[in-house]
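The chain below stands alone, shown as structure tokens; this is the form predicted alone.
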């Protein structure tokens, strides 16, 4: 009795609707937990109602009418011993009018508001009271649902599943039995899995309603711990599996790396030296490196990646460096040429925007091995591209690539190549411990000396004329500026400034300046020409979309203006801001915002205004928007947490991480059962 179809009382439409929620089995139905709860266990007199609080009231309908002023609405007045309550329905059906006829006894539940006639409820839940109507004995759960699946149907289905699991002789006991040894839970005062499930689906009348809403009761904490532990176990299994796979071993470089470092006009920071050593040791191992190199904007990740590439090349293997945009890929290409040409390293360039002839030459050099370092975009993992001896894949801004894309590049090498992933979006500690637990993580936590701090200013759109004058003055002093817009063309849904219109306005506003435009819909050659002109100082003002978010390095650019900053995420704003402050000049980032900011937008802008610390900003972004935004495409196929919260349950995450390694080694069968419960199957995902 595992599938829903085996429960005879479940109709085909019910099963179809449950399937839409991702519920295909009885265990999945039991783990479909409430979003919130309502208290229908007692009645409240009208005189005791409080505005803003939810309550249940029972009384007789004394008036019902359809009103057309100020808008069409169904108005009903309910009377009980202490007063009257108005019910207002803005959307209604003829059947509702019939049910709300004068004289009926009605029980309603909803949030109390202050109306023209006193207390009122808008769209409360209603139940006509008859002789067999009983009062609820437990708090009423409200579940995530879909159109066509009522809360009553969901509650009945879950109650049926609970009863069948309890009494049906053919029901597998592991549906509600413990999956892991009792010793795992001894340090905690958690209820059993069975007790936790029952407490959340049928909380008693004296249950802690606030604790249930905040998911801090022992039952919620038990299930959050189990979910976090399943995630950790899955990640540790992948980590252990990777160490059983063969990979080329690269001895530490004896010539190329030292030659590179001697040629540089700067010295590595201690943070760079530390992570370079970690990567060097990984590359010398017989199993594939899977390391995430994270560092704030401008922390110097590229030179560390170049050192790793040289270690691979000196051992006779090829290296691929893949970036998500042609602008960023070309930036890497130019920088690597500058560093590696004096060392006689052959660097190839491969993107989708190349001419047919150039592409053929590049692919030939890749396949015959004459190209030692190959830099490009998504073109690198296409089927037609054949490496002779790929030993290391470096992926920049890794969160912008999907799992399958990174896997396709990794499959270009035999044996499996090492992989170094880089990100300039710092990853908060809890996110790193959970979704990236299968990777080794290196952090460059210091900026190179000489970097000037960026001054961030929040300015209302009403002061646009002042900002335009600021741009004029900065460019007149010999510096360059960015003006960033969120859209390319006008959108009826979002009336935001557009890059095309802004470009035309800037040309009119600044006839004395050379103004450029770059956006994602331009042809690659056009984008590269504009960016090259801006980098060479031929353009003074660059109007751009967020395509310049990563990889653009123009030291002379000291001013950035970002339109509609309130609509962007914190990490994106921080990345954009990092395009200035890359030279010796004092740099400023001006965030233009519209008036009447929402509470969330105000909180975001406050964080970016007060902090230049990428890790603090990323943590705030995690708290405000959840992990999905920071993870990007990497986790396609990897379940997101449904119960646990990385901020609220950070302590449980630490405990789960500590326990996972021991369980993988000591209790493999129990681990499989736990993963089957929480992930629906034994996890065999290929992780990259």
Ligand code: ADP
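Residue numbers count along the first chain shown, from 1. Everything numeric in this text was worked out from a predicted model, so none of it was measured.
Omitted from view is the form predicted together with adenosine-5'-diphosphate (ADP), to which the following refers.
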query	finding
Contact residue in the predicted bound form, from 291, 238, 335, 274 (heavy atom within 4.5 Å of adenosine-5'-diphosphate (ADP))	335
Contact residue in the predicted bound form, chosen from 117, 609, 93, 266 - any heavy atom within 4.5 Å of adenosine-5'-diphosphate (ADP)	266
Interface stretch in the predicted bound form with adenosine-5'-diphosphate (ADP) - options 518-526, 147-155, 296-304, 99-107, non-hydrogen atom within 4.5 Å	296-304
Close approach of residue 448 to adenosine-5'-diphosphate (ADP) in the predicted bound form, 4.5 Å, heavy atom	yes
Distance check, residue 80 to adenosine-5'-diphosphate (ADP) in the predicted bound form, heavy atom within 4.5 Å	no
4.5 Å heavy atom contact, residue 278 to adenosine-5'-diphosphate (ADP) in the predicted bound form	no
Any non-hydrogen atom of residue 429 within 4.5 angstroms of adenosine-5'-diphosphate (ADP) in the predicted bound form	no
